[in-house]
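Quick setup: one chain, the form predicted alone, written in structure tokens, and binding and motion questions come after.
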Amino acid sequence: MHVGSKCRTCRRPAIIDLPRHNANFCAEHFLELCRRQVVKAIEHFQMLTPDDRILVAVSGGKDSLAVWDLLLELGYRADGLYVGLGIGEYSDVSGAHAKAFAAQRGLKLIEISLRGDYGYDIPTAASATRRVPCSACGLSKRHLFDKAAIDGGYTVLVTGHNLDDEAAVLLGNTMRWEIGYLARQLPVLAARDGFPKKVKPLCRLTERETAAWCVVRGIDYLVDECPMAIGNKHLGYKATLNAMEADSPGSKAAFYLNFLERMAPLLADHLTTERDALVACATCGAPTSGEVCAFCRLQATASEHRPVPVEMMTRGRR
């Protein structure tokens, strides 16, 4: 941003430039923009009502803490859920940020430990299954988020997925024409037996904007990327989209939001067909396409494996 840039709204000194909006903003009007974008997403996609019991999945990073803070700012009641993944110092620091945010504001934070409660952690699961760590991580989080929301009587589960996240996933799924995944890539997934309603209020905000929200609001968050995500294709898709965005500001939002408007409705029937095929897991009762769900199979395998330190899984990957 050029020295002396002025806020588009009030002409005071700007703190951030947003090329996709072709504008600069001061702190006050930047926060107002973020609130407006989140309200627009909530209202357009009918994500939340004032009566909802909301559970926010928090990692200690910028996005999850920003969405929790934004929902509270907008007057919603929301508790937090933190899942300790056992990824060494990274998990220790992420948990500390999540706990500090909740404690400073007198908020309820539900805590789950993969190692303590389920007998395994992500490094061990990755070693036991011989698959990329992000696979075991995503599977574990999805299952535990759903379970905590259902068991706790929450009507909505909120995640901190931002515009960059959604556009990157969309790019990957489009490149492979993963119709099933494309059909499910929506800002709102309705509740059904065994699954809570899931929403993504940050789908109109970029991760640069959520980071700036935290800085302006004085929210201390985990800056480091997960050490086990090195080489993840998702990061490569983000880099590709960022390069496109640099050449043509707004292209990332157009790619994702136009998909939601023009393509997602055409996939609705496919989503309904997939949902109708699910049955209850014989072990835990969660919805699954087979006799035993993927989470229970993962737990059975990983909990029998000797614990693996994160350093062993990341050695040579940097």
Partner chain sequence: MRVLLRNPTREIEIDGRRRVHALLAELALNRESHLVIRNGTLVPGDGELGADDVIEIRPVISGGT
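These figures come from a predicted structure and were not determined experimentally. Positions refer to the first chain, counted from 1.
Form predicted in complex with the partner chain: not shown, discussed below.
Q: Is residue 225 close enough to touch the partner chain in the model of the complex, meaning at least one heavy atom pair within 4.5 Å?
A: Taking the distances in the model of the complex, the answer for residue 225 is yes, it comes within 4.5 Å of the partner chain.
Q: Determine whether any heavy atom of residue 129 comes within 4.5 Å of a heavy atom of the partner chain in the model of the complex, and answer yes or no.
A: Judged by the heavy-atom cut-off of 4.5 Å, residue 129 is well away from the partner chain in the model of the complex.
Q: Although the partner chain is absent from this view, report whether residue 309 comes within 4.5 Å of it in the model of the complex, heavy atoms only.
A: Residue 309: no contact with the partner chain in the model of the complex.
Q: Closest heavy atom of residue 238 to the partner chain in the model of the complex, within 4.5 Å or not?
A: Contact check for residue 238: yes, within 4.5 Å of the partner chain in the model of the complex.
Q: Is it true that 41, 46 and 297, all three, sit within 4.5 Å of the partner chain in the model of the complex, judged by heavy atoms?
A: Not a single listed residue reaches the partner chain in the model of the complex, so no.
Q: Counting only non-hydrogen atoms, which stretch in 96 to 104, 120 to 128, 172 to 180, 230 to 238 is within 4.5 Å of the partner chain in the model of the complex?
A: Flagged stretch: 230 to 238.
Q: Name the single residue among 208, 147, 77, 108 that comes within 4.5 Å of the partner chain in the model of the complex, judging by heavy atoms.
A: When the partner chain is considered in the model of the complex, the option within 4.5 Å is 208.
Q: Just to make sure I understand: among 234 to 259, which residues lie within 4.5 Å of the partner chain in the model of the complex, judging by heavy atoms?
A: Heavy-atom contacts to the partner chain in the model of the complex: 234, 235, 238, 242, 243, 245, 246, 252.
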